[in-house]
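Here's a solo chain for you in structure tokens, the form predicted alone.
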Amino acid sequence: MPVSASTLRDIFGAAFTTDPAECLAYGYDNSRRQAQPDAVVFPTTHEQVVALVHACRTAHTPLIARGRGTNTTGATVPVDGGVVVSFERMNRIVKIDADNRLAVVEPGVLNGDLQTALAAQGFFWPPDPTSSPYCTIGGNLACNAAGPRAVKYGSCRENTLGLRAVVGTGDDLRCGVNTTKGAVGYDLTRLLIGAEGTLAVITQATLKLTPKPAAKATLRASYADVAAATAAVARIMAQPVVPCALEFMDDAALRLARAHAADAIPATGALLIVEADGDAEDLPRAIAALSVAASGAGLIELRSASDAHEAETLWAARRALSPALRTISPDKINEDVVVPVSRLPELIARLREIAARHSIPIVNFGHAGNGNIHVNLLPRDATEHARAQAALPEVFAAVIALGGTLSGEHGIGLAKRDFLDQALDPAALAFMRRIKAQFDPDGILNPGKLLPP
């Protein structure tokens, strides 16, 4: 049975709602899935979350942590009802410690707001999803989000020092360190990151900061076809200079990008955006090395952005792709698969075969430096939607056959849950279920997500 309104009032005062119309707005995410929660609460303290977890455990009520609903896999949809915990009011940057290169934040802090605050002190936090202006740090941690800079600086797991959280028993958990090195016990911090709120509810994070680079340069490399561009990605990532971003767009993605940025985007078969950062005196050598690697068969044009405005125009076109695809297909299926960089040409070739076989448009772009490609299936009516659903298992099978995995940064949620046994062996899944039982013995934390039944 649901936690009673009187219990919620005791914990949160007036900071909760059981009104069905108000709750409806917290029952969806960017996957376009929706379910109705019984209540939505708005904590402002860790202690309130502890009390709520105890109450939900006693009442056997599902509890779903939520940031701003930007997730694309249904990970925050309350499929079994229960209580949605919205962290929109738990949004303080507790401290920025420049001397020790760390920041302590609450889960409701927006990624973009944190980046603005850090920039004023000469730092940044590397995870930079496209949704950074409106996604939360808590949501980033839940899915191990990344973005373009992950190719050089890593994802949330590489840039988080410690966490405070509440596990499914209601116990208060502190894990991690306040230092950049630590070798004490099991790494529970990395375990909770990417767990999609199924093991614990994160209430505070200690983040590792990186000094902002002194200089940055951006290359635009256009190619005759996708095969030439993906071959260039493999060459770029095989040489010593690591770009801070390496983005790929196929011809279909470029047509959409041109609608946004016109002359900044060439009408070619494929495009790479290659960015390097570092000390101003070292940057020309880095750009020269990346330019040599980007050159090869099929290259049409390689040019440097003339100034910051031209570079930002390129990036704005790249960021506009995902929203633009919604105009073509409101029910688009957006998967963020990963393969070894050297297998990218094979992946794109197989995706094109799948698109042709099922007569379904597929647009590909993403973080090529990590082998992380956003595969967008674009059904435009009910018939195409059925064909897209039939094509999806073939997409995942191709990724696994190429030594890849199902997600690089979006997570599993509901969308990919039933394919997880293709990516993990039975022993690994069995251990994951045992870990879930230790952290959440009554199964109240985000039930039905990530692990297949």
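Fair warning: this is a prediction, and the values are worked out from it, not measured in the lab. A residue's number is simply how far along the shown sequence it sits, counting from 1.
Another form, the form predicted in complex with a small molecule, is not on view; read the next lines as being about it.
Taking the partner from elsewhere, no residue among 230, 271 and 355 has a non-hydrogen atom within 4.5 angstroms of the small molecule in the predicted bound form.
Shown alone here, residue 160 lies farther than 4.5 Å from the small molecule in the predicted bound form, counting heavy atoms only. Contact check for residue 68: a non-hydrogen atom falls within 4.5 Å of the small molecule in the predicted bound form. The small molecule is not drawn, but in the predicted bound form it has a heavy atom within 4.5 Å of residue 409. When the small molecule is considered in the predicted bound form, residue 202 lines it closely, a heavy atom lying within 4.5 Å. Contact with the small molecule in the predicted bound form, defined as any heavy atom within 4.5 Å, is confined among 309 to 317, 74 to 82, 178 to 186, 112 to 120 to 74 to 82.
131 is the sole member of 131, 376, 222, 370 with a non-hydrogen atom lying within 4.5 angstroms of the small molecule in the predicted bound form. Only one of 145, 246, 363, 290 comes within 4.5 Å of the small molecule in the predicted bound form through a heavy atom, and that residue is 145.
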